[in-house]
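The same protein chain appears twice below, in two forms, each given on its own as structure tokens and labelled structure 1 and structure 2.
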Structure 1
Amino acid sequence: MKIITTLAVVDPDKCSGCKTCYAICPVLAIRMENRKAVIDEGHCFGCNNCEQRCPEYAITMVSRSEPRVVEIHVNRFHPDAILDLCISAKFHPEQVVCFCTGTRAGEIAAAIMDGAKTPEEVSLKTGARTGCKVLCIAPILRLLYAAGITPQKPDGIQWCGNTPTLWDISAETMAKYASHGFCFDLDKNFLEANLAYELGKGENCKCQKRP
């Protein structure tokens, strides 16, 4: 769940039109007009990304008069479908994927089932990736690809592409580095055991019955 308490505001006199903010906003709330950045107030998730990277210090964060809450309700979707998508991306539905907003894999799956086809649309529906902007892009992309979606890149550098997982590392590579303390096999066993823990389908699906 994301509680939006702030809003980015551009000082047009300072804005040089460099497009940095436009290229990194995780919810595409910024457009360029007459070579100046314009922020859609209703759309801004208060993530500070633009404010932190503007080379001209033209953006400030201000308090919103009313906080806005963004969340997706997982129970709108069939638990088995959520579970199937999470498991195919090797996530437990209750696994936290965004540490700032506390968004769990099941919520990302729900956003995808609700029509999100890009990380930006996932963020709009869940609030994920609007805290630190760093830690949760890989799981979001993993879940989108697992749903058979090849997300279309925005006109910016919001994200680059899917990245490898432990399950993609070849046995040969694992063997080559086995003695260096990476513990690939042990980690794989550990993650798979925990993925399976308490999981089942339908009647047995304990994780989906939690509040």
Structure 2
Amino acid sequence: MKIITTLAVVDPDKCSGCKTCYAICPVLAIRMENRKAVIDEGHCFGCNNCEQRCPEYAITMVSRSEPRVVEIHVNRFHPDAILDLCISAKFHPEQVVCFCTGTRAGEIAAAIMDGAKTPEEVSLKTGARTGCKVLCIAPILRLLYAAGITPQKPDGIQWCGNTPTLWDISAETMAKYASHGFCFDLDKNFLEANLAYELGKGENCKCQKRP
């Protein structure tokens, strides 16, 4: 859950229409009208990204008249479906994937099951990616890909792209660097066994699956 208490406001007299704010908004809450930036108040997450980057100092953050609460209720979806999607993306459902907002993988999975098909739509449903706006794009993309969704990059520079994981490294690359001290297979086996243990799904695991 994220509680939004601020809102970006544009001074049209100072705005030069450079589109910097438009290009960096993580929830696409800014559009250009008559070469001026316009904020969609209903979508603005008060992340300060536009204010910090505006070269004309045309954007200020003001207090909202009423706080806005953004949250996704994971319990609306079957826990096994959430679990399966997270495991497919190599995440534990309780694993935090957006440290700025504390959003967990299970919440991202729930947002996707709720209809989100892009990182921006995931952000609108969960608040993820509205802190530093940088690190959590990769896990969101991983979960989207695991759900069979391949979103197209929007205009601007909001995306930093996906980050390859152990499961993305080809067998050829693993073999090439095996003699250099890299133990890709051992690392993969360890991580998968640890995930199975945590979830109580391991063959020889005696722990109980978390509720």
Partner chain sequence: MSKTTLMPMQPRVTQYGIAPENLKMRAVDLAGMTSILVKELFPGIPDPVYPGNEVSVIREHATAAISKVDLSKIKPGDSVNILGSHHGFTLLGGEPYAEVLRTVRDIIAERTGTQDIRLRVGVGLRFRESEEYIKRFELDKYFDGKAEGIAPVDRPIVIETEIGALYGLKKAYDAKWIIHTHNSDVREVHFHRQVDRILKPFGMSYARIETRSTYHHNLGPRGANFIARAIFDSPLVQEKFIAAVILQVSPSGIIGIDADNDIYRQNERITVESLNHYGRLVRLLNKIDKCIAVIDCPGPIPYTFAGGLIFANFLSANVDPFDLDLPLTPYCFFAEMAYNRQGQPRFPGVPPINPSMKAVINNYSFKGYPSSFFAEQTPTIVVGNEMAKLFESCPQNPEYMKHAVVSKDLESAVKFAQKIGDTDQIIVFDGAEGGINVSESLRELMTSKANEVSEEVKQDLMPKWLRQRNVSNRA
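Not measured: the values here are computed from a predicted model. Basically, rigid core = biggest C-alpha set you can superpose within 1.5 Å across the two forms. Numbers given to residues start at 1 and step along the sequence of structure 1.
Matching each structure to its source, the form predicted in complex with the partner chain turns out to be structure 1.
Both V62 and T20 are counted in one common rigid part of the motion between the two structures, based on the superposition that better accommodates each C-alpha. Comparing the two forms between the two structures, the rotation angle of the smaller rigid part against the larger comes to 25°. Core superposition gives D168 a CA displacement of 2.4 Å between the two structures. Summarising the core-aligned comparison between the two structures, the C-alpha atom of G181 is found to shift 8.9 Å.
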